[in-house]
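In the form predicted alone, a lone chain appears below as structure tokens.
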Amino acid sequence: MTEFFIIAESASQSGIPLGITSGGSWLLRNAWIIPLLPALSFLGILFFGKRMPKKGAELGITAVGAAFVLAVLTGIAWFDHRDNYHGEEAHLAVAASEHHAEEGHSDHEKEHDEHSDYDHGHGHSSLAVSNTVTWFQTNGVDLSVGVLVDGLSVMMLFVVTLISLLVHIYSTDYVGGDRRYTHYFAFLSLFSASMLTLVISENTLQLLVAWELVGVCSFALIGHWWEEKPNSDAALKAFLTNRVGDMGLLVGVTILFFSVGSVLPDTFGSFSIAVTNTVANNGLLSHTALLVAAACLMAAVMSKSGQFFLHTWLPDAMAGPTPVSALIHAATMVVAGVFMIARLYGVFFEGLSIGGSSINLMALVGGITTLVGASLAFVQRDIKKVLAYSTISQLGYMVLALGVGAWTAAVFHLFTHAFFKACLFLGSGSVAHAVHSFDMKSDMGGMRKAMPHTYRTFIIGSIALAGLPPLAGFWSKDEILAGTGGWGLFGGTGGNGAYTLMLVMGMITAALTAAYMTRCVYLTFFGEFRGHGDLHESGPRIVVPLWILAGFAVIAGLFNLPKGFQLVPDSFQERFGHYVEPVAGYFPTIAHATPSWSLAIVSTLIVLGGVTAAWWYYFVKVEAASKAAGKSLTELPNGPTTVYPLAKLIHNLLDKKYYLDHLYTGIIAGGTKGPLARVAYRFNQQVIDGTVDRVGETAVKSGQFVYDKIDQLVVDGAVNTSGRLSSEAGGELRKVQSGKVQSYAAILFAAATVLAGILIVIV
């Protein structure tokens, strides 16, 4: 109770409440146990795994399974907390909001206090649960570590633990007998623990630590078979590319820390995510600081979530085991960037001026990425790389949605995408497990009869990805398109701006996605088998996870049916948004688009157009050419690329991946290792070493001069001369020493006389 007021009062000098409580159920306050279980599993497997019956796999599965159960229970606790929280903190939060409104604040702040979208009449803010302890203290600043649990983090806990559990089970078959089986499961557990830590992080410093742990684990797992140079190269490429973007994360977090400290009383700075968002939402931070911070953080998103032009590491990361690819693309690593935008949305929303605009950096990056990824998927012959570029495209969709203000649509697409993309990746692993290859053109084809379960689940995942109703991808994709606010025909939409360009990009991507997935299905499962050996269906440890994921790909879209959807009761509508979107001080006030039947129909027709075009080319033209040639073909002998120069030019551009790899590897890296290295070597040899050599030669000549001219002639000459004079004087004195007392007395008398005379003169 006390902690709630401390946090609320420190949010701004106006006492704006954050919408956070230190109360809540035990599960919500102790969500840190969920990532702790796989973290302990990592240590257990590392130290004892090789001596266990299943080489450590059983420990990893048990820990992640327990984490999944706790995640489900935490989700149930959140539902109860969200719907029925009427405790003292809630009443005080409402009272604080009313007091804040009476103080005469800006219209924007009053609107934020009254914000109740998805609240459906409960009449109070959705209080997130925070539980923190002091991590360490430095220069009078208390740095805390703890959990921030709300609908977003609860949703991510469920997704990450479920996908990770299925990947663990799948892996026992897929990598069975691997030379580093125990090592694999150890890092798989740490990978899951790192992502789970990231999604419940209470502050940006804690998020940064988890962010880097995710990167380290992905490096180890992508390079699992490091003896083969392409695999180790892919791991290094992923690691180094992400380090480039992570510099932006460091700078952005630092800017936010000091910016928040400059407006809060009695504090040097704050890493608190809730406090940072709240002061940003209420206009207390400089727009310039927010803009620079948002741009820096976008660099981290571009590298981690594979956004154009830092996406090139993601397809190469397919060098790792397929279950790792599924985990990276569906629930960890690449969605970390999208999650970070969603978590720090107040910073991005205000910094990039998303509300009331028609274009901004985030929306543009997402729009370009979704087109680049979808177009590059067309020319791949490796089934995993098709899916990798598909992930890049879908991540672009999510970033685009966040860039236009469609927060719930973006997060909902992250949710649905996790299931059908994991299903597709694990399905690609199943077919590759049978033919020992990922090459669709050389080693696949005609596999649907021999592998019916893999085929059916892959078809379900493909339809969901293409966005055809009623599967999951349709609902989230359509919500994103509506959220652009660029559609005004026959009612519907609205949103936070008029992002018509983003709507067009999304529509084109929808058609491209349907087309390249139709191509992928044909090359893998239709035509004649082009591989070797006897085909067979995978075992239950592979097939059962596929069916579970396919089931979620069918039903997940029903969790957020649009408002006004007449076929279901009101209580079933927008359930995802109701429980996941924050309604609190740390979340900005955003407008929500209304559904548009005309947009849904047009987008579906566009998807069907993409399917039809690819179907006609492959299932009709290529199939007919194969029968005529008496062999299984994968392309037309006289296809568009051989007939039309423009088509050939475009194909070459796509085949070269827009020359980005050539730019990075050939020009930048090659130039660094080649001409630049040679220039640096020449500069080192001729300038630096030459200067040192000349300084040394000059020092030697100077030393010789000093020795010859000064030491020998001057110093030694003076000493020798002094010696000779002393010797000569001694000789003369020896003459005086005759041994006669009379002579000594005469000399003594003369000396005394001279001395007496001197004294007389002086005195």
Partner chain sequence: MENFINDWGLTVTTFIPLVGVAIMLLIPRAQEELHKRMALATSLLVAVMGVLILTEFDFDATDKLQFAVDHVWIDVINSHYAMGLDGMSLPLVLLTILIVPLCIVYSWNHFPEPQNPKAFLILILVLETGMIGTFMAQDLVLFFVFFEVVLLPMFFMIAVWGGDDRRYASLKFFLYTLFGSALMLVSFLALYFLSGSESFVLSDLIEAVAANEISRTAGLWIFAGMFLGFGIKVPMFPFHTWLPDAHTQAPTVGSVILAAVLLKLGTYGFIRIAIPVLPEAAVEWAPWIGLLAVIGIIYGALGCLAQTDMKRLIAFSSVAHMGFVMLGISTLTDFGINAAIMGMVAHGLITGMLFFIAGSVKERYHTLDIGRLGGLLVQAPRMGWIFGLCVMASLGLPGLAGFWGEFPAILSAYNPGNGLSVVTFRTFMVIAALGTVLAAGYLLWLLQRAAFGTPKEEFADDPAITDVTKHEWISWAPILALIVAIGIYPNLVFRVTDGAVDASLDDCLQVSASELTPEQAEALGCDSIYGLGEMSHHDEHAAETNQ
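In this text the structure is predicted, and so the values were computed from the model without any measurement. Throughout, rigid core stands for the largest set of C-alpha atoms superposing within 1.5 Å between the two forms. Numbering follows the first chain given and starts at 1.
We do not show the form predicted in complex with the partner chain, though everything after this point is about it.
**Student:** Could you check which residue among Ala624, Leu73, Val216, Ala647 gets a heavy atom within 4.5 Å of the partner chain in the predicted complex?
**Tutor:** Spelling it out, the residue with a heavy atom inside the cut-off is Val216.
**Student:** Could you tell me which one of Trp78, Phe187, Trp487, Phe576 places a heavy atom within 4.5 Å of the partner chain in the predicted complex?
**Tutor:** Residue within 4.5 Å of the partner: Phe187.
**Student:** Verify the contact flag for Thr665: yes if a non-hydrogen atom of it lies within 4.5 Å of a non-hydrogen atom of the partner chain in the predicted complex, no if not.
**Tutor:** No, Thr665 sits far enough from the partner chain in the predicted complex that none of its heavy atoms falls within 4.5 Å.
**Student:** Taking any heavy atom pair closer than or equal to 4.5 Å as contact, tell me whether Phe572 reaches the partner chain in the predicted complex.
**Tutor:** Close contact is absent here: in the predicted complex, Phe572 is far from the partner chain, nothing within 4.5 Å, heavy atoms only.
**Student:** Consider Leu361 of the chain shown here, and say whether it contacts the partner chain in the predicted complex, taking contact as heavy atoms within 4.5 Å.
**Tutor:** Output for Leu361 is no: heavy atoms all beyond 4.5 Å of the partner chain.
**Student:** Does the 4.5 Å heavy atom contact test between Thr138 and the partner chain in the predicted complex come out positive?
**Tutor:** Because a heavy atom of Thr138 falls inside 4.5 Å of the partner chain in the predicted complex, the answer is yes.
**Student:** Quick one: which of 397-405, 243-251, 504-512, 371-379 gets within 4.5 Å of the partner chain in the predicted complex, going by heavy atoms?
**Tutor:** So the stretch in question is 243-251.
**Student:** At 4.5 Å by heavy atoms, is each residue in Leu37, Ser41 and Glu202 next to the partner chain in the predicted complex?
**Tutor:** Not a single listed residue reaches the partner chain in the predicted complex, so no.
**Student:** Considering only 224-242, what residues come within 4.5 Å of the partner chain in the predicted complex, judged by heavy atoms?
**Tutor:** Residues within 4.5 Å: Trp226, Glu227, Lys229, Ser232, Asp233, Leu236, Phe239, Leu240.
**Student:** Once everything's superposed on the core, is Gln685 shifted 2 Å or more at the Cα between the shown form and the other one?
**Tutor:** Gln685 C-alpha, core-superposed: shift of 2 Å or more.
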